[in-house]
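Take a look at the structure tokens below, where one protein chain is shown in two forms, each on its own, as structure 1 and structure 2.
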Structure 1
């Protein structure tokens, strides 16, 4: 048990970093959540690596770890045992982040982290009632394993990346007061955080201070020296640069087809896409396509955003075919991707045609801009979506 605990403590020491003071922004909240996790792990590892006699000291350590995770507002908080954390608890910080309206690219990672905190708390709760030390230690081992998933790793984004992955790969990694700039170009001044589509592309720092200010959670893929500055590119930079090139190309494209002119799918194909959507997309984008963990994909909100961002049919196809489902990109067949794209077009009230949506890309898609359809007759006037039958 001691060997396992020490290994896990080493993992936490590498990825947690120093505690951050509680602040109202999401970045500080994520760092504070990590600090509370580290405090809980320290309590567990310390008692396992020590020479305490009797069940009492072990039980106290488990209660203190629980207090650091759940915070003083939770029913599981036991004030008499003390709190090695900041009082808000990992759950308190994560709930504050998740309670805000809308969702971000980092939302699934924070939701996954919360689920693993709850699992660790359940393990600790089981430990409270154990009579045999062997059973008690087994519960704590499971708690440590779940807490390792809460922290995650900077080299992995999405749910598997945990809090560290969200800090190292998305806008969650931008501290309050530090400028965010387009990641498609180098910054005019430093420090600055380059962002593309909510992904953290680079951190630009003055060379004289970089050694002391490089974020602990950053997974650096390459470093570029620009005069007196360092540009630290993340693992997301290559895919982000592809988005930048595509956006620049689209801005140079002058041929624009009317929004209504999307005869690139058939009604039968859109019907086939219903089953694909329900199985692979509904969990994140909702039964009404207005978004839950993910954004809206049909109706007023989606089409207005599409117009504002100058999205084209090519953008929609690339997002669906290459980046979805969010938890397992590229896991569907080409036909399934084509069918679900047809379903989305139909749900946005684009008229069906006689040609099915193709399984391969078409250069013509880059000229078809998406946006609200003035002549549409939505079956749901409030959401301005059309029911696919």
Structure 2
């Protein structure tokens, strides 16, 4: 049961975060995590393939596999059996990678891998207590199945790809110190790692040395010879190329997509918010929303501040609904608060949609970061604000 619950968790952990390339040590961390898993698998497979008398050697193998997976900081670590891993354990490495602000394209895969490590550890724990050989083997077989998912496969770039999939298809595959270039074009020099939207599109290597330098976990889908270089395209390259084509098309047609088309409010709400703003906000925040006694609430001045302070839509909502108007917080009706928030979003050139801004908080708002909107088409280009009608 616990295994299933954990897997479900891993699937739910598919969150879409801000673009963040892998920190240099994340690549090394992923490789070390993989090495620990493989050490654990080797322990289990070796005892299964061999022959031993009595419980001792079997128990020992399960404990050593456990040690490699959980690391010496975990309660499940039993030092007396020895550790075929590096001491930090797969779990330790994965936790270090996940214990950072923001998320990356590879985060779901690594979260999934972590869930499967926990499931494997659960099965090993169960094996420690088994009396019958049959039961012991069943536990270890389940653990091996979990670990197969942890390792994953390079051909899969989502949560099912495991650590290999993340290494083979995302920025996690780029070693520290190697420059990454835009994957939409061929590199000026090699070796180079081509990246598009956190996807690893290709690894370009000089032909002479390619045979010895192709990364282990690369998911090569296509190989192109380009002069003296080999361009090894990954499984992720197809979807990445689609992104390249779309971007190029947008640039050619100078599309005027008004802001990020996230429909957080309706135009009707924003319209109703005009009256609320005039009555309760204008005196301090000004007719042009640039602030008089209070701060600016729209345009470059506001959105730059929002970006600096990492404000989310949830922060904006809380400030408006709970702290405003300053002289009488909480004095407006929920509808008035929703309307005036819609008015503020519209004034900041966020696009309107069909779904109204809710009168109660939404957990999703905490993940929406506010900041300048490059694609916006402001009616006041100097302040970069939009007039609400």
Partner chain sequence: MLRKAIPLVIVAIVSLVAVSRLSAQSTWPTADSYVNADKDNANWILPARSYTGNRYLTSTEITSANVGTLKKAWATNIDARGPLETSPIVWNGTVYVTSSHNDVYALDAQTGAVKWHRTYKPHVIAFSANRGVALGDGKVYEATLDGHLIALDAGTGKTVWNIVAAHDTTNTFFTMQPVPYKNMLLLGASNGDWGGIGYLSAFDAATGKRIWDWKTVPGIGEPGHNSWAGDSWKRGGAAIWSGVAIDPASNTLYVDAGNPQPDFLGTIRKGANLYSNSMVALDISGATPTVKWYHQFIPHDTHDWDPAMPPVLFSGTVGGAQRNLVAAGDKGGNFWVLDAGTGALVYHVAVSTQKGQNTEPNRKGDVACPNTNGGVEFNGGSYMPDTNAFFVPSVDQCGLWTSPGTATYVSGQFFLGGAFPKLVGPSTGYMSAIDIGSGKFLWRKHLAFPQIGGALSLSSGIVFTGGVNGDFTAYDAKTGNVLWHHPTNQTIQAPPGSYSAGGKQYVIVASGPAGINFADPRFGQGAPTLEGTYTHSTKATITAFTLP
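A quick note: this is a predicted structure, and the numbers were derived from the prediction, not measured. Take the two forms, find the largest set of C-alpha atoms that superpose within 1.5 Å, and that set is the rigid core. Residue numbers count along the first chain shown, from 1.
J.: So which is it, 1 or 2, that shows the form predicted together with the partner chain?
T.: Only structure 2 matches the form predicted together with the partner chain.
J.: Using a rigid core superposition, assess whether residue 320 undergoes a CA shift of 2 Å or more between structure 1 and structure 2.
T.: Shift of 2 Å or more: yes.
J.: Would you say residue 294 moves its Cα by 2 Å or more between structure 1 and structure 2, aligning on the core?
T.: It does, since the residue 294 C-alpha is displaced 2 Å or more between structure 1 and structure 2 after the core fit.
J.: Core-aligned, does residue 274 move its Cα 2 Å or more between structure 1 and structure 2?
T.: It does, since the residue 274 C-alpha is displaced 2 Å or more between structure 1 and structure 2 after the core fit.
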